[in-house]
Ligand code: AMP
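As a starting point, one isolated chain is supplied in structure tokens, in the form predicted on its own.
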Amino acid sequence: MSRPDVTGTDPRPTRLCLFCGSNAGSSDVYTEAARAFGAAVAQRGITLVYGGGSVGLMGEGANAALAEGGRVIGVITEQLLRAEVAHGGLTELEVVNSMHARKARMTELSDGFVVLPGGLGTLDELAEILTWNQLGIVTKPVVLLDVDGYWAALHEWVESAVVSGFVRPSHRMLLQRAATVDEAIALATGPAPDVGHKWIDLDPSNTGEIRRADG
């Protein structure tokens, strides 16, 4: 498969990455949200990118997109493939050698990110893509689909980190929040929040030189 065009001239359809649990969670509302998101993405002609699993909310979202005739790209590690949790019916399944490579490849493939409820792995994925946006490594929207208030405590922590001086006030905008699937997709397919980068930025002359950000 050809690599995405990072110059902005790639004619391919929009791709949204889904981060969510490999477990289903304790409430049917989580499963319903994953299914609704997968179906809505496919109905809009958007390609779904995710971790390639057949289990939990991951599998539910992928299956819903496929049932609507959508295109689904999975990225999974060799270890998880051997554990037989890979989805066997995807449009494409890429196998990489580490979790680090998995996150990097999903980021490369995707234009925006929607995060449903999940555990430590989901939090790890979310933290990395937020950090990359904060540092200016990527500029891509990140949206929490706050199903049944699942992410409320995380938002409280972000506000606490801002007050305590560990997160810039403008960087709270990097973590967008949606109450519905439609709102999440609208935010994730829109422009990323325009915030300053923490340490580095590309020189405005587009020479590729690195300069230290002011402040």
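Under this definition, the rigid core comprises the largest set of C-alpha atoms superposing within 1.5 Å between the forms. All figures in this text were calculated on a predicted structure; none of them were measured in a lab. Position 1 is the first residue in the sequence shown; the rest follow in order.
The form predicted in complex with this ligand is left out here; the points below concern that form.
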Q) Tell me, which of His87, Lys140, Arg71, Arg102 has a heavy atom within 4.5 angstroms of this ligand in the model of the complex? A) Arg102
Q | Sole residue of Glu78, Glu92, Asp124, Glu108 within 4.5 Å of this ligand in the model of the complex, by heavy atom | A | Asp124
(Q) Taking this ligand as it sits in the model of the complex, is Thr14 near enough to touch it, meaning that at least one heavy atom pair lies within 4.5 angstroms? (A) no
Q. Would Gly25 count as touching this ligand in the model of the complex under a 4.5 Å heavy atom rule?
A. no
Q. Looking in the model of the complex, any heavy atom of Gly119 within 4.5 Å of this ligand?
A. yes
Q. Does Met58 reach this ligand in the model of the complex, with heavy atoms at most 4.5 Å apart?
A. yes
Q.
At a 2 Å cut-off on C-alpha positions, does Ala83 qualify as shifted between the shown form and the other one after fitting the rigid core?
A. yes
